[in-house]
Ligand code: BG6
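Below, in structure tokens: the form predicted alone, a single chain.
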């Protein structure tokens, strides 16, 4: 049954509900989900009667589960030290349900337990299912939820709802994503499905819409007439960190470009939505994805770069190559670095290249979007003695959330020397150190029924349509895999991709 239209979240307290976490013994639960629930409760945004049920294979008592979650909150919560009184209240609402994901009887007993908790805490049938598991388990879990009636809503209970949060990766190509969407939609209406990308919960990403559409000076120049090109970078300074088995089946193109970077691109390039309703915003994001010109095999060779880090040194310490990582095939052709140039074939962005890059073991960690504007006419200052740089607007997502604008200014002195200078806005300086974690915002949004920052079915499939074209050529060895040293900015070919049009990559700040 479709839910009522989404509304924007407010600072008012959410009504009590049951949050069921499948895969509750995994790292995500202890590192992100329970700290987020603790902080939301501490801030008065979750009702004190909200119930959390962990569902996993390992035998465990409620008390054992609570102690593990306490350790996670103590280690990873932004609110420290743990408030003893608050924790005791929260712990009394934490429960553990042991079952394999394949055991249908485990879902029947879960339904019974949720019914009891519903009566005990007055939850009125409000349930959020969080799939914090391997993607291979998604279909199994959703199927059993349907068989046990856990996706059904009592038509006579207007307070009840059922929602499911699905972690990435959502499929590994267009076909698998389509099949998974079909399986999920057999149990849950699309309005009940919340495909999560934690990048969309970061403050700078959320502020992008406000920055664009609430400031009259930017929107008039946010187009092909004034923008030369756009860069989106998500760089990591570490390797696969023990995730070699998973990563070798995915690669950076599927693991990062298809979701994180494509989502950032759509927010930069979208048209103003007709309202702040979740579907209105996502409609515009889908239009961007459908406007991206599909690659020909020849364009994949000339407009993309794939790389893999090799053995080297970083900070005077030896670093093993990707092929030496545990779980990685010694003959793997999986890319740890991906760079693509995309073209958006619409009125606003025609002729403006969008460059997306992401990789592991790069020079430094950072995520940012930079909009490079056209240079000023070379009439007054663009001489060999007085060169002017382009104006660049940079939205830094991590590690320090900020907005920077590069302008040209005269250097003090008697000569007319023009120098680029930075104007910076720091979130922590303007609003204090408080900044909710991404999972806090996204969990609260799902409980409140606001799908704005979640990914809709057609978004997923439109992004895979683009990525599949690239993967087909890469699987055939075109272009060939390039190699780069740890601590660099990736293969030289990525620099050449921009250099051939007179452009260069931004250097991320330390």
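Positions refer to the first chain, counted from 1. Note that the coordinates shown come from a computational prediction; the quantities given were computed from them, not determined experimentally.
Just so it is clear, the following notes concern the form predicted in complex with the ligand, a form of the same protein that is not shown.
Residues of just one listed stretch (346 to 354, 413 to 421, 186 to 194, 253 to 261) have heavy atoms within 4.5 Å of the ligand in the predicted bound form: 253 to 261. Among heavy atoms of residue 120, none comes within 4.5 Å of the ligand in the predicted bound form. In the predicted bound form, residue 93 stays away from the ligand, with no heavy atom inside 4.5 Å. Under a 4.5 angstroms non-hydrogen atom cutoff, the ligand in the predicted bound form has residue 198 among its neighbouring residues. When contacts are judged by a 4.5 Å heavy atom cut-off, residue 372 does not count as touching the ligand in the predicted bound form. Of the candidates 212, 112, 175, 243, 243 is the one whose heavy atoms come within 4.5 Å of the ligand in the predicted bound form; the others do not. Residue-level contacts in the predicted bound form: of 89, 365, 80, 326, one residue has a heavy atom within 4.5 Å of the ligand, and it is 365.
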